[in-house]
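A single chain comes next, written as structure tokens; it is the form predicted alone.
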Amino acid sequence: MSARQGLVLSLPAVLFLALAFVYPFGYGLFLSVTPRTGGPLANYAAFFGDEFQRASIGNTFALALPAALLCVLLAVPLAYRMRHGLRGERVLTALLVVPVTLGPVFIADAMLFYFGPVGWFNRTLESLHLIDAPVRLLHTYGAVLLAIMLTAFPFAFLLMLGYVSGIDPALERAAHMLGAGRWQTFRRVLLPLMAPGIATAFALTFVLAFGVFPSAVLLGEPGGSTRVLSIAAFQAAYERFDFSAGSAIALVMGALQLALIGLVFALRARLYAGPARGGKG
């Protein structure tokens, strides 16, 4: 195939990339530096200069980082266990994947009915005379964190399952033949090989959690501890109708996500290349 034919065949992909990503980003960047009043950086100065607005950064990280870490910590051993076969594996996999088909809004709505003051959970506890009054489980940090994990965990699990399944079983057998136990084999052989998959799963779940919106609104405190960056951007754009400020906050979100993902993948490259460099020495 000639270079011209390759260029022609790549045009649809380039056009799609331009329309779906480059243009929206460029337009958002243009809006963010053309505020109603002030200079090009007025929106950013107003956001970072306002303590209430600035707190949404910490709130977002306080939800996204634990959610991503917990999802990966749960997905790695489960995927490792299922690598060796597990009774009812197909049923368990189907159950774990169900939240992907439901979406965050449906999950949040279901939690409202289940954990609400008159929901099944509180009514069951009251019928068993374990509590005298409904337990407050909604509109809290924990409720939002749980909703995020229910939404993000299937992605981390499926990614880790696919990655772990691709590791050659002969490596484990060789480690066992050399006298290594199951834990030593996992820690010294499989875990280093799983490092790229772990980093990718963490990055994916972090991005999903960082952009949380429905769960934070329906299950959290939109004006308090769960006022995340997406809520701040929504309020600026659709409550104050200041699309320029909303675009600036959205770009801050994107920059923070890219910074942490870049850090994760830099660490992954360093850890994964470490044995190779050591072998050369």
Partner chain sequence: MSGTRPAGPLETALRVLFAVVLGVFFINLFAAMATVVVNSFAQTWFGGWWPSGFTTRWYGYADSQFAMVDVLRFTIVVTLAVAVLACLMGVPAAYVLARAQFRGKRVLLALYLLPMLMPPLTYGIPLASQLYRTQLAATLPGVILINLVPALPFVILVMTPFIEQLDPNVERAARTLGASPLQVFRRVLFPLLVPGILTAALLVVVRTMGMFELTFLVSGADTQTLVVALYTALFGAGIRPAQAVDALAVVYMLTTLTMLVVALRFVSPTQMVFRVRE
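Keep in mind that this is a model prediction, so the values were computed, not measured. C-alpha atoms forming the largest set that superposes within 1.5 Å between two forms make up the rigid core. Positions refer to the first chain, counted from 1.
The same protein has a further form, the form predicted in complex with the partner chain, not shown here; the description that follows concerns it.
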(request) Considering only heavy atoms, tell me if Val264 and the partner chain come within 4.5 Å of each other in the model of the complex. (result) no
(request) Mark Ile107 yes when one of its heavy atoms lies within 4.5 Å of a heavy atom of the partner chain in the model of the complex, and no otherwise. (result) yes
(message) Check Thr93 for me: does it contact the partner chain in the model of the complex (non-hydrogen atoms, 4.5 angstroms)?
(response) yes
(request) Could you confirm whether Pro134 comes within 4.5 Å of the partner chain in the model of the complex, counting heavy atoms only? (result) no
(message) Whether Leu191, Ala199 and Gly223 jointly form a contact site for the partner chain in the model of the complex is the question; each needs a heavy atom within 4.5 Å.
(response) no
(message) Residue by residue through 16-32, which ones have a non-hydrogen atom no more than 4.5 angstroms from the partner chain in the model of the complex?
(response) Phe16, Leu17, Ala20, Phe21, Val22, Tyr23, Pro24, Phe25, Tyr27, Gly28, Leu31
(request) Please say whether, between the shown form and the other one, the C-alpha of Ala259 moves by 2 Å or more once the core is aligned. (result) no
(message) So, superposing on the core, is the move of Leu92 at the CA at least 2 angstroms between the shown form and the other one?
(response) yes
